[in-house]
Structure formats: structure tokens, C-alpha cells
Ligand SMILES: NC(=O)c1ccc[n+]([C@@H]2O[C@H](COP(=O)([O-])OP(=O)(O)OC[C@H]3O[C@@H](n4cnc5c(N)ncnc54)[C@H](OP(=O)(O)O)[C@@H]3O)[C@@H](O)[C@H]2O)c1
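Have a look below at one chain only, the form predicted alone, in C-alpha cells format.
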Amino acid sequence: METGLKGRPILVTGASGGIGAATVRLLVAEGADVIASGRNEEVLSKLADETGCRTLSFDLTSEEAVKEALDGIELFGVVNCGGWGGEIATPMETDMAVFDKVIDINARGTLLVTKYASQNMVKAGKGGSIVNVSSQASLVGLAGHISYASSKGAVDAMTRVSALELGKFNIRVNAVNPTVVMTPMSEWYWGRDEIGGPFIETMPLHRWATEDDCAAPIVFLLSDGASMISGVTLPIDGGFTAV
């Protein structure tokens, strides 16, 4: 399938993480002009050496930093992949400082990038596509995920409203909602037999997702092949939310 992404400038936040980096690699392979953003400049530098992408670092929690970084940048696409997992806690035990930080990065950061990127896209008048990386935690109740699920529920709501508001400018907005990607960061919790075991047994495909499993649908939603898709939240969960 021809994606139509060749030469198109696409910003990927959270590119120093697994899903973000995999998305950068796949977009570069499709010929896109990728701008990779993230907190770890050393990782971004290595990714740039590997793929030839451009890099742009800024603080997702600072409106001034986001505004300054995106000022005047022409964009066709945005992947809002920057995020933070927070803690594992019940509503009775949650640390409100952690809750505030998760909301600040995951929800507010997504909105800030959308705000200033979409202004540039509207001015350019060429349409475009925004893909927000949400989570299956926004679709079902997951024990211990009160802060993270709240932040991703907000991302899903932003996706729908942004699709409504930006559609008249031919800008599509969608979200992907991945299941667990078994990274070293995830292993400490989901790798426990008593937690991950029942979860993986419930999932029809009976396996964890990979970064590439998540990157491919993101690139599809950016592409011309998804030109009539907007306002959706797409589970990438091996069928978990269907049962």
C-alpha cells in the first residue's frame, strides 16, 4: 500500500521510548521527514545517527517550551507518544503528586503539542493527521492504574473533540490504545505470574505486544490509506477489550 508519507514532515514525541523510536524507524522507512522529540537527548542522537531523522527536544510540561519549539515548523503529521506511567496504586492509596505529574505529561502535554502543531497545520492549509498514543487502560478497568488510566481517558476525549474541531481543515485525529509492551520497565509488574498470567490468558492472541505491533497502526493512521478515518480509538490489544 502506498502510504503517501514520502517527504512529509512528521513530529514524533516520546521518540526516546520504545514505541516512539519504532514509529520513527518505520516512518523513515516510508520516506517521511521525521522530527524525533524526547527527554533523553543521548538516545535521540543515536536514533538520528541510525535513521537520519531530525531531532527536537522540549519539555512537554512547559507551554512556553512547546510553543517555542514548534514555532514556525511545517508539519503534516504528529504522533503524541510522550508519556509517563506513574505508579501502581489503588484510588485509596494514590499519591496525588504522582497523579498530577501523570496528568501533566500524558494529558496536558498531548494537548499542548496538539494546540501548537495544529495551528501550524491549519496555517499551512495542507491538511494532515494527528495520532495520540493512548492505552487499553482507558478502555477497561485495570487494577492499580487509577492515575495512568485517568490520563489516557483524557487523551481519548481530546482525540474525539480534536477530530471534530479540526476536521474542517482536513486534519484527522485518532488514537491507538496499546496493551502491555513487555519492556524492562513493564517486566517488574506485568512479569509477575499472578498479575500477567491471568491477563495473558484472557487475551485471545495470548501474547504481549511489541513496539512494532504499535508502530505499524500508527503509521497507517497517518497515511493516505486512512484518509476517511478520524475520531477513533483503536485498540492494539490482541483482542483483550473484546472479551
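Bear in mind the structure is a predicted one, so any value in this text is a computation, not a measurement. Numbers for residues come from their place in the sequence shown, where the first is 1.
What comes next is about the form predicted in complex with this ligand, which is not displayed.
- Proximity to this ligand in the predicted complex, taken as a non-hydrogen atom within 4.5 angstroms, holds for one residue of Ser147, Ser135, Ser129, Thr114, which is Ser135.
- In the predicted complex, at least one heavy atom of Thr183 sits within 4.5 Å of this ligand.
- The closest non-hydrogen atom of Asn174 lies beyond 4.5 Å of this ligand in the predicted complex.
- This ligand is not shown here, and in the predicted complex it never comes within 4.5 Å of any heavy atom of Val24.
- At the 4.5 Å threshold, heavy atoms of Ile19 reach this ligand in the predicted complex.
- In summary, the region of this chain contacting this ligand in the predicted complex, judged by heavy atoms within 4.5 Å and restricted to 46-54, 195-203, 175-183, 28-36, corresponds to 175-183.
- Residues from 52-80 that approach this ligand in the predicted complex with a non-hydrogen atom closer than or equal to 4.5 Å are Phe58, Asp59, Leu60, Thr61, in the order they occur in the chain.
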